[in-house]
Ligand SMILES: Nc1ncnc2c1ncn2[C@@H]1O[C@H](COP(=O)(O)OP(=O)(O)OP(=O)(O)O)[C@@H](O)[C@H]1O
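Here you get one chain, nothing else, as structure tokens; it is the form predicted on its own.
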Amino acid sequence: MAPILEFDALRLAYRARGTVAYAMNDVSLVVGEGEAVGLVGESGSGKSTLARATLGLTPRRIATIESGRILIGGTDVTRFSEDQWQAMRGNPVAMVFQDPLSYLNPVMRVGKQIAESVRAHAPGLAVATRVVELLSLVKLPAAAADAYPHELSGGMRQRALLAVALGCEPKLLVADEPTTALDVTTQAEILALIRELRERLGMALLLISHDLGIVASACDRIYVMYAGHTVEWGATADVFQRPAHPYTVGLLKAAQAARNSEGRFATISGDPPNLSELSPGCPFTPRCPQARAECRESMPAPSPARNAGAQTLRCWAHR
């Protein structure tokens, strides 16, 4: 059976005002049927571009796929037209965005927005009944259907956006930073809800986050992105317990609450690179404590981690 989503060596560039920035550079990623996959990395690593490319939402005026493929359910959608993408959005792939208040219509009641989703993807159903079912599924009261988005709390708006997505009956839910603007308690509730819905509906999940703890608790496998590259991937337990790529090691250390002997939190030295000024080598080289001459010359092909877990990575130190 073909994976529900596959990125095959995808290279995507943004072009504007004479500048070219490679937001995705030879990216490979696979999400199987019913699988939960996490995608992590610093801001600007390319995570949200990948999410938008999954639904053909990158701005066509400035975004160009130069090579590689995107496959959904085994179908190559890389060169789809807008009309073809429109048929794919919602079912088989739906998306929950970072800030629901920006994506819910502010002048339309929540129930009507959920109803639009149902009519578009399941026109034979009794719409009013299905709206109530979806609100119940995301643990919102039926009265929420009559509310406008601004009348709901942040957690309730995220649940409403989930209801809109689930009205499409997707096989894959892409969740792009779905808990960033929420307090810790509400974050836990939304994550538990997503996990419950995935298990109940047999849905695959691509969870995108900068929070390693969130991904560790929710995902079977994980991909680590840096400067447009997927640099390490494998079973979540392998990557978290025995990280191999120096960037992954740095991320995990920086996520710890413990301070060092000087009373400081761990950080990764240096700054992320400018995506319009990348060298031919590994983009992490200027910040890497294990950098060597070949790191500056070329990006290595994926290979198994040496003396670590069963994950795969792109690093000359593990060749």
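All of these numbers come straight from a predicted model, not from anything done at the bench. The first residue of the shown sequence is 1; numbering continues from there.
We do not show the form predicted together with this ligand, though everything after this point is about it.
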Only hit among A23, L10, A305, M299 for heavy atom within 4.5 Å of this ligand in the model of the complex is A23
If contact means any heavy atom within 4.5 Å, which of 66-74, 246-254, 44-52, 277-285 contacts this ligand in the model of the complex?
44-52
Hey, in the model of the complex, is A293 touching this ligand, heavy atoms inside 4.5 Å?
no
Heavy atom to heavy atom, is G270 within 4.5 Å of this ligand in the model of the complex?
no
According to a 4.5 angstroms non-hydrogen atom cut-off, is P289 in contact with this ligand in the model of the complex?
no
Would D238 count as touching this ligand in the model of the complex under a 4.5 Å heavy atom rule?
no
